Ligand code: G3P
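Just the one chain here, laid out as structure tokens, in the form predicted alone.
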Amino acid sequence: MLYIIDSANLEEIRSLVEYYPIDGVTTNPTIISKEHNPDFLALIRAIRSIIGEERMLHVQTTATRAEEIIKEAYALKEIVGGNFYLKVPISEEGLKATRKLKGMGINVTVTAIFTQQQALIAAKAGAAFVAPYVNRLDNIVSDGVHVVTEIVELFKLHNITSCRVLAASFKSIEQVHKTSMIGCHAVTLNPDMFQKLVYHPLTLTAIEDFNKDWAAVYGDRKILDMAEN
């Protein structure tokens, strides 16, 4: 499964890339606005500089008509460079743009997915990823993980291999775990969620016990000190 950062905060991205096996970054207008950075293009270029050319960078269009979406796609691809994906919200105009961009060799992530059929038709239109929102579905007394499960099953049933499922909108590690268990291809998480992925109080207790037991025999001496002597 791919782990992607859902953020435009440069310091958080830099830290996560240093410590975690990160596959890319996703952004959208809401995420960008939280950084209060008036220079959008400089921010996007800075993210690319941090993550490198190989990792995915998903940047969302602000256009609503297919022709304008396509123009933004070309402009952003030139600006962003590297492994670039244009994010397009699901709509008729978005599908029209996705079909054309697919033929032009530009990767598209169709976002704001809330139903299984939205995902299926986006995949058929040529999307490289579809992004269903897990927690937002839970918030309206639906079952986000169930929707993701059925999208994954639909893709298998109809032999769709050119499009992957990028689940988004998580508030708990249990949601992430259940999503991974059903074979979801990728998740995009806010920075705090990555720390929660590796946290467990018993792990901290175990590490503390290891350190105490070592210190009881060797004191402050470290393995490297012994090796060098």
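Just so it is clear, the model here is predicted, and its values are computed rather than measured. Numbering starts at 1 and runs along the sequence shown.
Although it is not shown, the form predicted in complex with this ligand is what the next lines describe.
- Looking at residue 31, you'd find a heavy atom of it within 4.5 angstroms of this ligand in the model of the complex.
- Interface membership of residue 175, defined by any non-hydrogen atom within 4.5 Å of this ligand in the model of the complex, is ruled out.
- When contacts are judged by a 4.5 Å heavy atom cut-off, residue 136 counts as touching this ligand in the model of the complex.
- Shown alone here, residue 171 lies within 4.5 Å of this ligand in the model of the complex, counting heavy atoms only.
- Of the candidate stretches 36-44, 163-171, 66-74, 197-205, only 163-171 contains residues with a heavy atom within 4.5 Å of this ligand in the model of the complex.
- In the model of the complex, 188 is the single residue of 180-209 with at least one heavy atom within 4.5 Å of this ligand.
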